[in-house]
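This document opens with one chain alone, in structure tokens, the form predicted alone.
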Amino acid sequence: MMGHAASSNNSAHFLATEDAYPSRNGQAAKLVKRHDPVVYAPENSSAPIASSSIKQFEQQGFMVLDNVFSPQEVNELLAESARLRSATTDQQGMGTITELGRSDVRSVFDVHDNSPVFKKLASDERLAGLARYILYDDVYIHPSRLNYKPGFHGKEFYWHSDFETWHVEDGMPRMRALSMSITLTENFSQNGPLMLIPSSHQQYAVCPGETPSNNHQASLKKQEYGVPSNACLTSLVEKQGIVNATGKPGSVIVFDCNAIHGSNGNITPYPRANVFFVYNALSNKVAQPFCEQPPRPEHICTRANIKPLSTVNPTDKA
């Protein structure tokens, strides 16, 4: 198990151009050991949640926190989510991703910049405070989005490590980021919940192939590059299994940037809706992509507008 980092100053120093995790560069698919800590906070520091949950996150690469947001808060977030989905359906802007071959909205990006409600949510101390503790640094939003999985037609998200994409296509130097998915509808075993491979975050899945031009235009609908090989996935699953991250509305799924995850399609009548924030350490801000492609657009990867989040308590006014 990777131990806590002593402090942010003790992390390995690196050049912005150093490729610590090569992938999609002609090497064969393989699993290599992670070089970075999982929890950067000092061992004896006071955690904002139960220490047992922090330990689970460190060992398993994820945790599910129940009842973080009240029913009233969830209803407000649902209303704002519906407003944004309706607006983006009408406008179909760059930040709106639809299901492959359909008009159903799959994702709406950059919600923390385009909605006062979600801007406040991103800075909520229950989320951002926990991210600051785990990453032991000021944090900013790398991307944010609403993820929808409509009933009957919601397609799968294939297995992947977010960090592999963020590293190769965005130039995120190291594994000092995490994701938080706030459930707005119930996520249960039948409607395509997030699936994770426990402890997969301790190994980096080098992916085959090379990054095509404008890969994000296709990969956000169906990811085909930057996915682990069948052999790597089989090896991880046979040793560690698969866990469904289910929860009632108002739960928060926290998972490490390198945890391998995916989700099945939703053929039930019950839609799934989550708000998704990626918190990156300010010291880990993106450099140039580690592939021979231009940077992805700002609404997918915050690059020009990197700002550390201020603290917002739940009782603060918007």
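Note that residue numbering begins at 1 and tracks the sequence as displayed. All values derive from a computational prediction rather than experimental measurement.
The following text describes the form predicted in complex with another copy of the chain, which does not appear among the structures shown.
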Of V117, V206, V74, V243, the one that lies within 4.5 Å of another copy of the chain in the predicted complex (heavy atoms): V243
Identify which of P48, P271, G265, P289 has a heavy atom within 4.5 Å of another copy of the chain in the predicted complex; exactly one of them does. G265
Looking in the predicted complex, any heavy atom of W159 within 4.5 Å of another copy of the chain? yes
Partner contact for S86 in the predicted complex: another copy of the chain, 4.5 angstroms, heavy atom: no
Classify L233 as contacting or not contacting another copy of the chain in the predicted complex by the rule of any non-hydrogen atom within 4.5 angstroms, answering yes or no. yes
is_contact(V237, another copy of the chain) in the predicted complex, heavy atom dist at most 4.5 Å: yes
Of the candidate stretches 65-73, 255-263, 49-57, 35-43, the one with residues having heavy atoms within 4.5 Å of another copy of the chain in the predicted complex is 255-263
Non-hydrogen atoms within 4.5 angstroms of another copy of the chain in the predicted complex: do F152, Q190 and M195 all have one? yes
